[in-house]
Ligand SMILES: Cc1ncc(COP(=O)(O)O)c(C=O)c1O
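Below sits a lone chain in structure tokens, taken as the form predicted alone.
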Amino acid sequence: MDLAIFLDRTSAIPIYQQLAEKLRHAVLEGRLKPNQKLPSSRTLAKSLNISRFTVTQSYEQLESEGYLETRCGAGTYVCSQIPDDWLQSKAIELVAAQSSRSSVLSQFGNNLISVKHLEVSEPENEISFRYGNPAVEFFPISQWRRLLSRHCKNSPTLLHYTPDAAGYFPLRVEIANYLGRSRAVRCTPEQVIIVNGSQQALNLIARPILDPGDWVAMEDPGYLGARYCFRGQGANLQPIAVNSEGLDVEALARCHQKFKLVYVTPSHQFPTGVTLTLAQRIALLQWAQTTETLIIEDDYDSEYRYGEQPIPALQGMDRSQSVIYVGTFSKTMFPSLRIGYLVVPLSWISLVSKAKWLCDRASSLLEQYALTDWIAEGHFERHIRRMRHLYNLRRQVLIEAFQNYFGSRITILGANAGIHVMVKIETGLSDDMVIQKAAGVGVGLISAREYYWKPQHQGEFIFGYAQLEETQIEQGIFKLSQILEH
């Protein structure tokens, strides 16, 4: 193990004390972990070009302070527990450092301090209704591995940097063709920009467009990732209520602000699941054209509609270049495939491509090559058809279980689409108490309260069902009904 340690031989502080201080900070900062073995005194002395006696002095000092311990015949180790007084002083130093750091941050940096970390680890539950996770065990990984291997063997350009930040052009062609036939999106391949997931897509739109103080309209309830992205840019956010027809366009039109953006999920509103009706789509497009407001259409899981005709994308109805379309493969393939795409108006191609180049130059070429073949050879749409059938079955099991075990005590919200449903449960318990009681019987739930601008709604929960087997779904709803009977 090599330790990154700098010793100042011109300092008046003895070398052994400098070394002890460096090791002490490495322990307190977590770079050296509890029970981690340190190099022998001989090895460390040789590495730092100092005497072995100097290293031994440092080790002995830290042993006396309770940071290190010598294990007979095994060597020197970091103690399993660190002195509390040092930890306390370290915490104070950290707070002071953070306080001083905030004075040098940009407005964007300071805005991020108040942004909640979105990826929160959840306790392990036997049955988790976590939303958004597809049934990855049904993904044909062997086919995907074959395509990756094909390009690892036969693509010498894979090792070179691509000059086109907008993405591998043959992939953009395949995506444009797919969107045209499946979502009625009107675009050329040049308008498709490959990004690292839909969250980067939102960032690449927000940064060139929003100045601090600009106004953005958002659905209420709505997607937190978009809310925090725009807030990080210093935008003022205006929540617009969602009703049975989707975003309330009349309420939006009554607002007096001059909006730069309006963010919508029209095909399957998140989290309520309702679909923006045709009348509301037309009204929204007319309002955007009149007010010169840009619409961000997040089409995150529109491939999954059950027993109904697909709803054409809002972008395909747009005739004024008012819509930027956002899509992702994480719901249709697997979450760790960080490939998404933007469809931008013609006048935005150069701007968004430059923003992408400044962000990370380009998305991974290997995955782009494989995904191009995956779509071109028909694997993608065959996989979608298989999963649509599976998810429809699981959705039906979920709804039937609710009807069997809850009856009139529940209301299922939203359209017959997506891979989650939002359910209102009549109960006298708080959402936190319901979640706690459910966890007690091995069922994981997520409340919809935090997705509202003012979280005063009670009894609404988001049930993701795609990743659960039918027996798990029914068992989970049965357990939930039992703990909510009283």
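Residue indices: 1-based, along the sequence shown. Treat the numbers as computed from the prediction; the structure is a model and nothing was measured.
FYI, the form predicted in complex with this ligand isn't displayed, but the following is about it.
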So in the predicted bound form, does any heavy atom of residue 197 sit within 4.5 Å of this ligand? yes
For residue 328, is any heavy atom within 4.5 Å of this ligand in the predicted bound form, or not? yes
Using 4.5 Å between non-hydrogen atoms, is residue 223 touching this ligand in the predicted bound form? yes
I'd like to check something about residue 394: if you look in the predicted bound form, is any of its heavy atoms closer than or equal to 4.5 Å to a heavy atom of this ligand? no
Would you confirm whether the three residues 304, 380 and 465 all fall within 4.5 Å of this ligand in the predicted bound form, going by non-hydrogen atoms? no
Just to confirm, with a 4.5 Å cut-off on non-hydrogen atoms, which of 168, 259, 230, 270 contacts this ligand in the predicted bound form? 270
Would you mind picking out the stretch of 403-411, 272-280, 292-300, 250-258 that comes within 4.5 angstroms of this ligand in the predicted bound form, counting non-hydrogen atoms? 292-300
Determine the residues of 436-471 with a heavy atom within 4.5 Å of this ligand in the predicted bound form and present them in sequence order; the list may be empty. none
